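Only one chain is included here, represented as structure tokens and corresponding to the form predicted on its own.
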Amino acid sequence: MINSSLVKIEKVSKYFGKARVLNDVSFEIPKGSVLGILGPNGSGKSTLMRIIAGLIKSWDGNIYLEGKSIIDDNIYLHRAGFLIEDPAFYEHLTAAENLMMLSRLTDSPLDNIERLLKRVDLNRSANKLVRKFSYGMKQRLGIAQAILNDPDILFLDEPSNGLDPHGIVQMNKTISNLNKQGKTICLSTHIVDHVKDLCSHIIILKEGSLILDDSIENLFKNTTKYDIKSDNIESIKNKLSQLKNLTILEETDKKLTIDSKLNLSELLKNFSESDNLYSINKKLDIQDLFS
């Protein structure tokens, strides 16, 4: 269950010279959530992540971890894990050896290595040289590195960037599993396809400003779009064409996408067994939220 706010971003702004990259951005990250920061390249996502990670020192506004400001207090870094840039490893060492070396440097428990690799689905590659890893495997090893100190929250900047479709699936699985194991996760991305399945909350940045802050559950609740699948689309189309305030957006042999203010039960009243209706579901098009 998602509880109260873990992190609060309050009126964060950032200028590079005269160019304003972030403009009074405010939102909260609930405990137990997977919050996605969406936006096109140049929207300010990575700048915000680098501010939170302490990589950018000069900025306006405030950031709180459980009510305590992080300004001039680096203690919060021990409660957070970060994957902000491509992680750097010793390519001639194995995955386990890399984590052991970092554990010694950060005074983290050495007996956690096997468990950490299992959490990011790399346990079968523990003794494989990192130079033989795919890019997606290196990204997941970067997450293992980020959770060495058992943080309360993970900040991941474009974790699926550059991955092939299989790598994206593996990354999303890793993030989802970590969340189920109790980690709060904040990730930035410009890939919207999997967000509604992965995230519980989203914010959208556009040209440095916040244009949307909501839960996926609430967005689904308020959407007016539906996907209707049937073996008798023509019959369903004819019945829907007689209804007011309903628009057919897309049509294929076995599916209609509609926009209607009718709720699900009101829509179902219009169909009979002969329509061979086998699913009708609300459709959330994340891309529409950018407008």
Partner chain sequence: MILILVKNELEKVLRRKRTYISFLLIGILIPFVVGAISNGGTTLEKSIYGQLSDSFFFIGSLLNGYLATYIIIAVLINHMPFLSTIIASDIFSGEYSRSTFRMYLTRPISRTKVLASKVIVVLAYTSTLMGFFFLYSLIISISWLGTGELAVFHKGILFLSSDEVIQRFTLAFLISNYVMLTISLLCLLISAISKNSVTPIIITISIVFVGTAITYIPIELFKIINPYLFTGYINSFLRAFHNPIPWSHFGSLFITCTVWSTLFVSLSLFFFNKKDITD
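Positions refer to the first chain, counted from 1. None of these values were measured; they are calculated from a predicted model.
Unshown form predicted together with its partner chain; subsequent notes refer to it.
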| note | Exactly one of 86, 213, 207, 121 comes within 4.5 Å of its partner chain in the predicted complex through a heavy atom, and that residue is 86
| Listed residue (71, 169, 191, 102) with a non-hydrogen atom within 4.5 angstroms of its partner chain in the predicted complex | 102
| remark: Note: its partner chain not shown here; in the predicted complex, the stretch from 170 to 178, 86 to 94, 111 to 119, 192 to 200 having heavy atoms within 4.5 Å of it is 86 to 94
| field | Interface membership of residue 252, its partner chain in the predicted complex, 4.5 Å heavy atom rule | value | no
| task | Using the partner position in the predicted complex, report whether residue 244 sits within 4.5 Å of its partner chain, counting heavy atoms only. | result | no
| request: Determine whether any heavy atom of residue 106 comes within 4.5 Å of a heavy atom of its partner chain in the predicted complex, and answer yes or no. | output: yes
| said: Considering non-hydrogen atoms and a 4.5 Å limit, does its partner chain approach residue 261 in the predicted complex? | reply: no
| request: Residue by residue through 48 to 72, tell me which have a non-hydrogen atom within 4.5 angstroms of its partner chain in the predicted complex. | output: 50, 53, 54, 55, 56, 57, 58
| So the Cα-Cα distance between residue 76 and residue 105 shifts by 3 Å or more in the predicted complex; is it shorter or longer than what we see here? | closer
